[in-house]
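So this first bit is one chain, no partners, the form predicted on its own, shown in structure tokens.
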Amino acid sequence: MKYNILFGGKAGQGANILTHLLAESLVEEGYYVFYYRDYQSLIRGGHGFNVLTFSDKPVHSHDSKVDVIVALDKNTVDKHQKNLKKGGVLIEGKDANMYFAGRMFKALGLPLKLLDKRLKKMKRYGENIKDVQRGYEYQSTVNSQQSMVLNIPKVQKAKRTFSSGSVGVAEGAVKSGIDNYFAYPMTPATAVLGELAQRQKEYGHLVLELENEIAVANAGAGSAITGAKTMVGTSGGGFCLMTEALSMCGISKIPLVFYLAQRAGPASGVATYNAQADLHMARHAGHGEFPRLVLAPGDPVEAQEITSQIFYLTQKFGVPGILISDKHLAESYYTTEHKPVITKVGHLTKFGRYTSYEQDPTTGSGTEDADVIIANVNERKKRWDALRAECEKFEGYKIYGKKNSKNCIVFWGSPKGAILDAIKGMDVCAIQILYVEPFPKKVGTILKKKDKIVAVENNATGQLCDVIREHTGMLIKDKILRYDARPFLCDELVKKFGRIFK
């Protein structure tokens, strides 16, 4: 059993809160839920929609065809009715979003008390509950006529977590003992700024919004120098401005964590949409040669785990680390039942003299001495080797599906959800790369035993394929690449995999 419900309307009409209220209630009733957000870079007007998918079995993605459309305006009907399945349900009208919440709860047979207790935590309870009751009563009339009824089977209730990639990053940072978070708002990294800001009083860390990304990176470096566990956050355009500070962290052994939430580019690109096109920038940004980490989670649980690992590794080895996510992972909500494994983070940084120049270790001053320069470079290379060895202790890659299959999919980041849903029952193994830098040594050995290898990425050139070729010598020719600023969908991947793995 699986249903896809699309909620659409103008920005400001309340489709987001409507989606989230229903999603949380379904999770509480024991269903697995995933939902995706699609919106324009507007505060009011335009068109946005969410697709909520729920099932009695684990689900991590949505489909192109939907079972229900909840249209808060006519534009939603015009744009999406073509994607409504045969026999699907269209719920439309000019009314408040809470009216439609009442209708959906009745149509799905959900207890109204699930919605009521959530509304009591919000503003305007009296007005909202009246709208809910009107919708609920109207849908009761519709149900009695045996139309627009969704006969979903009941499932056993279970306690599960429902969160986004942004919540995962924030939780991972808090559990790692973060002291300071600096950022300038930039979609889709802004959500972590908000999540950490909400937790300041409870956990005692500082969240500060500065005037631009250059100030953010420099403040982050200065904070980390004092011994504070520090993370800075941005998207691709802001990360470009941070690269000079990144290089300084590389030469000065400053353990600063950079959170890079990708969106479609170049430049401002498509500001509120998805892409995985900043991998090479994360790997090579800055000037000169210095060790760094580039780690890429694929779901909210991994976001917690990888965040704690990157804090641990940056602190232990005095290197900058880049935690790379994207809009789809950052803003989608997933049901999870696995508890994250959090790595205990110590402190490395001590007070001393810091400089962006090569530094004489004896005096702490900048130097141009050739022998000292060689010694410093060799020390960075040794630290890089030690970092690689330490990273091998962590799960730098994961394998899903049939491990011994000769058919193989390789991927990183947010495509994970659609891939896991699509390969169910297929003769294929899927390899997820979590540690891009340093790259896991064992992956090359595994790939060489496969007959058919396909890469799945949200970019136009197959950047992970370049990384794999660099480290293993293997050229991956078959690629499924999506670069229209939208994420992969489960049903579309099922068709593509079916053609490739005949």
Partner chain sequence: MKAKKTQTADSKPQTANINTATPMTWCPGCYNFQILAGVKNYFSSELKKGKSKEDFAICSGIGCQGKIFDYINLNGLNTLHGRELPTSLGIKMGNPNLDVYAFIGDGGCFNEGVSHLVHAARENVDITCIVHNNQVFALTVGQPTGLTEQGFVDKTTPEGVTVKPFNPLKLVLSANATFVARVFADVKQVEWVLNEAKKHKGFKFIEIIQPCIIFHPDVGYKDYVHEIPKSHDVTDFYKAMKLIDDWDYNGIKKGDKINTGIFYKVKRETILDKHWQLKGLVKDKKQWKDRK
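Positions refer to the first chain, counted from 1. Please read these numbers as outputs of a predicted model, since none were measured by experiment.
Note that the form predicted in complex with the partner chain isn't included here; everything after this is about it.
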query	finding
Contact residue in the model of the complex, from V345, V301, V319, M248 (heavy atom within 4.5 Å of the partner chain)	M248
Selected contact from L84, A219, L110, V270, since only one has a non-hydrogen atom within 4.5 angstroms of the partner chain in the model of the complex	A219
Exercise: G177 in contact with the partner chain in the model of the complex, heavy atom 4.5 Å	yes
The partner chain contact in the model of the complex: L114, any heavy atom under 4.5 Å	no
Proximity of R353 to the partner chain in the model of the complex, heavy atoms at 4.5 Å	yes
F290: touches the partner chain in the model of the complex, heavy atom cutoff 4.5 angstroms	no
Interface stretch in the model of the complex with the partner chain - options 187-195, 209-217, 302-310, 420-428, non-hydrogen atom within 4.5 Å	209-217
Residues Y136, N151 and K495 all lining the partner chain in the model of the complex, heavy atom within 4.5 Å	no
Any residue of 272-295 that, in the model of the complex, places a heavy atom within 4.5 Å of the partner chain	none
